[in-house]
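Take a look at this one chain, the form predicted on its own, written out in structure tokens.
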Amino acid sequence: MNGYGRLFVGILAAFVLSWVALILVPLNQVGNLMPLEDQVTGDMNPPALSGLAQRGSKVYAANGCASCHTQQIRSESGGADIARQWGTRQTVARDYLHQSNPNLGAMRLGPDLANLGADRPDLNTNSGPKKKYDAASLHQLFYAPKSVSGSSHPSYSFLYEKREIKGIPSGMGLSLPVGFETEEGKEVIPSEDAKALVAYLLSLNRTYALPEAPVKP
């Protein structure tokens, strides 16, 4: 075999080995993963996303939220995520089964959000007693982040509409603290994208146990 033949064989071997390592092995590892039934509650884990939460995942991606937040809890040997109480176990591949485009995240300018829908420390201070976020607190954070103590979150007020109240209030208006209220006779209404984004964030709850990722007691 001449030099060109050996070069061709070497290139082909490198390509085959790369294909096996980067495609075949991962496919064999995760390609057949399925949701698992909780033997105590009967729930399927990970739970499927609602239609609204699926839309919210796209809103999350479109607005670059993954540029500042991850959704991936590291193991205790890989970092302090569990010690920070961001989660009770590391995140594994099975957690993303229902997400066609997982929002893994690029940087942590803000805290990890993998368990935002569960009890967790304050998002802004990462300390204090655990709390459970609700739709009202998230809408307030997105519309008027400066109204939330310790927040450096950017404003997403473009996801909201200020409307004149005609007759009685719609009941959908944001409840804002003193100093951040809207003008008298008007209310701030979340858009469908804002509702979807909040629904998606509140669906993020990976406190269930999996065989490959037991929950830390």
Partner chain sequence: MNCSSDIQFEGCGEGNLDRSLQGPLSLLFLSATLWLVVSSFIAAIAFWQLKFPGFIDYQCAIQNPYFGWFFDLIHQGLNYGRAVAASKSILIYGWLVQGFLGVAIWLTGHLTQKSPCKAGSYFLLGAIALWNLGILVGVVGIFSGEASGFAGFDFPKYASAILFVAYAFIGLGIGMRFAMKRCTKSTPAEWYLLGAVFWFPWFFAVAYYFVFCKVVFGVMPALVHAWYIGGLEVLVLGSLAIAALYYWIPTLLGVALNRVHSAKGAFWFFAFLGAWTGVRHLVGGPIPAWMITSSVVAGVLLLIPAIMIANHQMVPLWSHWCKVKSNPVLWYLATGGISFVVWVSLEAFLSLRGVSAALRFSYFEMGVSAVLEYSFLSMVLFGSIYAILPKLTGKELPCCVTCCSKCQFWWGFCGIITYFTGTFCAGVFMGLGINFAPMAFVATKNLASPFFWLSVVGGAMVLFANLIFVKNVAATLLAACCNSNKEGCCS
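Numbering follows the first chain given and starts at 1. Just so it is clear, the model here is predicted, and its values are computed rather than measured.
There is also a form predicted together with its partner chain; it is not shown, and the following applies to it.
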Practice problem: Report yes if any heavy atom of residue 135 sits within 4.5 Å of a heavy atom of its partner chain in the predicted complex; otherwise report no. | Solution: no
Next on the checklist: Is residue 168 near its partner chain? Define near as a heavy atom within 4.5 Å, in the predicted complex.
Outcome noted: no
Contact label in the predicted complex: residue 62 to its partner chain, heavy atom within 4.5 Å: yes
Exercise. Verify the contact flag for residue 150: yes if a non-hydrogen atom of it lies within 4.5 Å of a non-hydrogen atom of its partner chain in the predicted complex, no if not.
Key: yes
Taking 100, 107 and 110 as the candidate spot, are all three within 4.5 angstroms of its partner chain in the predicted complex by heavy atoms?
-> yes
Applying a 4.5 angstroms cut-off on non-hydrogen atoms, the residues of 155-194 near its partner chain in the predicted complex are 155, 156, 157, 158, 162, 183
